[in-house]
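This text opens with one protein chain seen in two forms, each one given by itself as C-alpha cells under the names structure 1 and structure 2.
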Structure 1
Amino acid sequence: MQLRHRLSNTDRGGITVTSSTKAVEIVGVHKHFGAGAHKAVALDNINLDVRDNEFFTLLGPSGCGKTTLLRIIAGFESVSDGDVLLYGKRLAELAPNKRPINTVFQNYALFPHFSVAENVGFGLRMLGKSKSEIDDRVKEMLRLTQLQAMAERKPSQLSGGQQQRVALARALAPAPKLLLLDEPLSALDLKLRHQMRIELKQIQQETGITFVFVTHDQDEALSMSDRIAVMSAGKLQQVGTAEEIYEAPRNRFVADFIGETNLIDADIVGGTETHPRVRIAGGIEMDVAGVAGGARSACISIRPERITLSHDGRLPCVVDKLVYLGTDTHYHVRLGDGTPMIVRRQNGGSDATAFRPGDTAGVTFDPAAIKVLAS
C-alpha cells in the first residue's frame, strides 16, 4: 500500500510540489506574553522553513519556545509579530479548525466512549464524508498503524503504544497537509519509544505528509529527523541534518545539548581564521577546524567517542570514575591541569586494557575531532 499516491501534486493547495517546496515558512515570528515589566518573550525573531514531505523536528529544553511555535502553526496561539505560511498561503486569518493541519498531543486526547474505529473516523465525520468513504479510510489507517485487530476496543483497553497509534491514525485520516506532533512519545517506556520512533518515520514516509515534531529528547530528534531546529530561550540556535547538528555544532549550547561532549577552554595562538591553532591542557598545541573570529581564547568541543584512552596516550590523565552502560563504558578522567574529560569506549567480550578509578593513563584525539565553538 502506498498512501503517498493519495496525495498528488495538486493536493498541496493546487501547487506543484518539488523536493524544495516549502511546506511551512516561519517569517520573523515574535511572541511575547504580558506587557511592561511583566512581559515575557517566548519567541524572538524566528525564521525557518520546513520542506514538503519532511520529518522536521523542533528540539530544545523545556521553556525554549518549541511548543509555543507549534501552537502558533496550529492556530492555538497568535503571533505578536511576523507571519506563518503553509504552502505559500498565510495562516493568520484561518481559525484552527479551518487550517489543513492536524495535531497529535502528548496525552493523545482520545474519546473514551468511542471505539478505536470511531476515534479514527471522527474527523472524517466532522468533514461530512460519506459512510463508505469513512469506512474505507478507517480501514486504511488501521492497517497503516497495525490496529486492525483493535478496531472495536475502547481506549481504556489499549496499551500506551496502541493509544498513541490511534491518535496518529485519527490525525492522519483526513489527509492533512501538515501533521504536528507535540512530544507524543514522552509517556511511553524506553523500549516502546524506540519502537515507535521507527514506526513514526516509516508512516511519515509512506503517507508523504509533512511532519513537524516537538521533543526535548536528543535521541528522538537524531534518529527520526530529516532536519532539526535547535532552540534555546526563544531563539533559533541552529538548523541542519542530524549529522550536521551533531558533528558541526555552531555554538556551545548546541554542542552541549546534542549528545555528550567535552567543552574545554583553549587559547588561540596562531593559525588561520578557519583553522586556528589552539593551546589546550598541558601546553599541547594543534590546528583545528572552526572560526576564531579574531578572538584570543575559545571554547572547543570534543565528543567522548572521538577520544582514545590508553596507557601511552598523548595527554596524561587519572581515571576518576567509570559508568558502565552495557554497550559502552564512560570513563571520567582528569588531565594534569585538573581539566575533566569523558571518554567513551565500546565494551568488548574481554578487555585487557580496561581501567579502574585511580589508574593513570593518557588520552589521544585527532585534531579533526575538535571543533571551535562560538560563545
Structure 2
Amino acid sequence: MQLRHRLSNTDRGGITVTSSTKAVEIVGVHKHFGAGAHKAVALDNINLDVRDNEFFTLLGPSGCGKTTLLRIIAGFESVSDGDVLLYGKRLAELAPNKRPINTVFQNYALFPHFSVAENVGFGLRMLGKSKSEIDDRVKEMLRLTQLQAMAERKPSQLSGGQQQRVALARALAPAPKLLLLDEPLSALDLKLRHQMRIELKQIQQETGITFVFVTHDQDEALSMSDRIAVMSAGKLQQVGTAEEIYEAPRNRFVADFIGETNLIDADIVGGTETHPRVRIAGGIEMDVAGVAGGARSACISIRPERITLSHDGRLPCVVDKLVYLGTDTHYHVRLGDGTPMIVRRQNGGSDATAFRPGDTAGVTFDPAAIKVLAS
C-alpha cells in the first residue's frame, strides 16, 4: 500500500486518482480491421468497468478480442467506435507515452542492449526523474521481484522466469495507475507459472495497483482474479467473480469454456419462469434454478464433480471408458437415451467402488447442481 503513493505522478496525462471506484470504463467499444468485404470485427460493443485496486482478468480463447481490448487501453490500437475512460478521463486522444498505464508484454519486449537495471529504470528516465530517485526506485523494484543479483545483466543472460520478472518490475517502476498484463505467463513452464501466479497476486496486493490481466488459461484466471470478464468472438459473455463464473455460467459458451462440464439438452415440462421443471434424458424430472424464458427446451450444465456414479444411481447408464488423471478419474458414461456424460470421481477410495468399461451403473445429481443456460 505504501508503494503506490511514493511517486507523485499527477503530471502524466493529468489523471489523478479520485474517490471514484471505477479505474477503467469501457463504453460501447467497437473495433474492426480492414473495410468492405475484408472487414473483420474484433470487438463488438464492449461495455465494461474495472474497479480501482482490482485484479481484473480478460479471459477467452485466442482470437476473442481480449488482446485487442488490452492494446486499446494501452493506446497501441484505436477504437472504431466508443470510449475508454481512465478514472473518468477519456483516453482516446492520449498517446501511449502519455498514459499513466504500463504494460507487461507477452514476450516481455525487454530492450536487449540495456541491462536489467536500465530496463527497469527506463520509464522513470523518460519521466525525467532524478538519477537518485531512479536508482532508489529500481532497487526497490528489483527487491520486490527478487532480482537484486541480476541488476547488471543483459536480458539475454536471464532465464525465462527472470525475464518475466524484469518485465514486471519495469512496468511497475513508474507506479502506473493501471498495469496491463498480456499473457505474461504463457512462455513459462508449468511449475514456474504456478509460482508466478502467487507472486503476481501478492505484488498486486502489495502495490495496490489495478491489474488488467489477459489470458486464455482459465486456471490462471480463476486462481488470481478478483473479477473475470469472459470474452468470445469479440463479444463480452459474462463478467463476475471466479465463483460466479464457475458456478453460475450465464450461457453455453461460458459453461463450456470455464472448467469441464456436461452440456445436455433438456425439455422444459413445467414449473415457473424462475424455477422451471426440466426432464433430463427422457427420464427424471427436476425443479431447478435458472431462467427458462418460456422456451420448450433448454441447455443445462452439470459439472462432472457434482455427479455421483454408483450401482444404485437414479439414472441408469453404461460406462464407456475411464481416463485416469492422478487425483481423480473421469468416467465417460452413456445414459439410457444415448446422451454422453462425464463423471469425476476422486481417487483414493477402495477399489470395490471402481467401475470398468461395459459395467452398468447409475448417475445421481442434486437439482442445485443443474444450471439452465441462456441459449
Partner chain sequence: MAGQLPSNDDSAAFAPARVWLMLPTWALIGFFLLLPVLLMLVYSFLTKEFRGGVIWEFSLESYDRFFLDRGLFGDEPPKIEWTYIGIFWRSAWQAGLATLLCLLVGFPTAWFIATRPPQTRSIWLFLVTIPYWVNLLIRTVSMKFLIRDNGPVNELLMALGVLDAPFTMINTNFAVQLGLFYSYLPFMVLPIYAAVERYNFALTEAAADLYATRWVTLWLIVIPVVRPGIIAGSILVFVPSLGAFLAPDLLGGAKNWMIGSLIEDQFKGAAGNWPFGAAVAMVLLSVVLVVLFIYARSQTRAGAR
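By rigid core we mean the largest C-alpha set that fits within 1.5 Å across both forms. Every value quoted in this text rests on a predicted model; they were computed, and no experiment measured them. Sequence positions of structure 1, starting at 1, serve as the residue numbers.
Shown as structure 1 is the form predicted alone, with the alternative form given as structure 2. The rigid-core alignment places the CA of E152 2 Å or more apart between the two structures.
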